[in-house]
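In structure tokens, one chain follows: the form predicted on its own.
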Amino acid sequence: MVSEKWVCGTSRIAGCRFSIYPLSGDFVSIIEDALKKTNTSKVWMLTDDVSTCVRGRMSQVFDVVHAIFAHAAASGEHVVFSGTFSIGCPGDSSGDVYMSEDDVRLNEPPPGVDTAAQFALYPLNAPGYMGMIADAVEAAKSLGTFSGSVHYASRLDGSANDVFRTLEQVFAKAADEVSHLVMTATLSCNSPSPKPVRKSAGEAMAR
């Protein structure tokens, strides 16, 4: 018998557990400054010694995570973000009070720096998941950020604003089609490493 704790409810609370890594000796102040400049009043947020968890309405989760990354990126230092987004988790019930917030965003991230990203979409318990992943790739192509496939992920390139816009749109579209969705994303900005030659949308192959 399945425990009631893991029975899916009707709440569509979304969340992201992430870590951000400024590759700088001044990493503490960069992270603290990014947090200080980000309005988090419409989300539930908790930071421990490993990562930060943000939960609430999907729009507000992306607003906060985007802003934190963008403010850290504005430091000019090489910054890496690694996060897992989720919606529809059967065990996610506490903190639903933030679902009563509206979709008006409170943050205006600074102009986005060039950002490279790799993301992977995991529609859980969805027999047609490959079609949903293909749809995500097509959406990224239409937004001009898709730059090819790598093992176990799809690559995005563009400004931080464009990359987060893509991640949010593909996540939101897939969330409308499946009850439990997970997306992993790794972002890098201000990297000293040269980028690979970017493929055109016509040349890039879908996953």
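All residue numbers are counted from 1 along the displayed sequence. All figures in this text were calculated on a predicted structure; none of them were measured in a lab.
Not on display, but discussed next: the form predicted together with another copy of the chain.
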> Using a 4.5 Å heavy atom cut-off, which stretch among 34-42, 145-153, 66-74, 160-168 contacts another copy of the chain in the predicted bound form?
Replying inline: 145-153
> Looking at 132, 126, 106, 113, which is the one with a non-hydrogen atom within 4.5 Å of another copy of the chain in the predicted bound form?
Replying inline: 126
> What is the one choice in 57, 141, 180, 173 with a heavy atom within 4.5 Å of another copy of the chain in the predicted bound form?
Replying inline: 180
>> Does any part of residue 98 reach within 4.5 Å of another copy of the chain in the predicted bound form? Heavy atoms only, please.
In response: no
> Looking in the predicted bound form, any heavy atom of residue 12 within 4.5 Å of another copy of the chain?
Replying inline: no
> Taking heavy atoms only, is residue 80 within 4.5 angstroms of another copy of the chain in the predicted bound form?
Replying inline: yes
> Going through 13-30 from first to last, which residues have a non-hydrogen atom within 4.5 Å of another copy of the chain in the predicted bound form?
Replying inline: 14, 15, 16, 17, 21, 22, 23, 24, 25, 27, 28
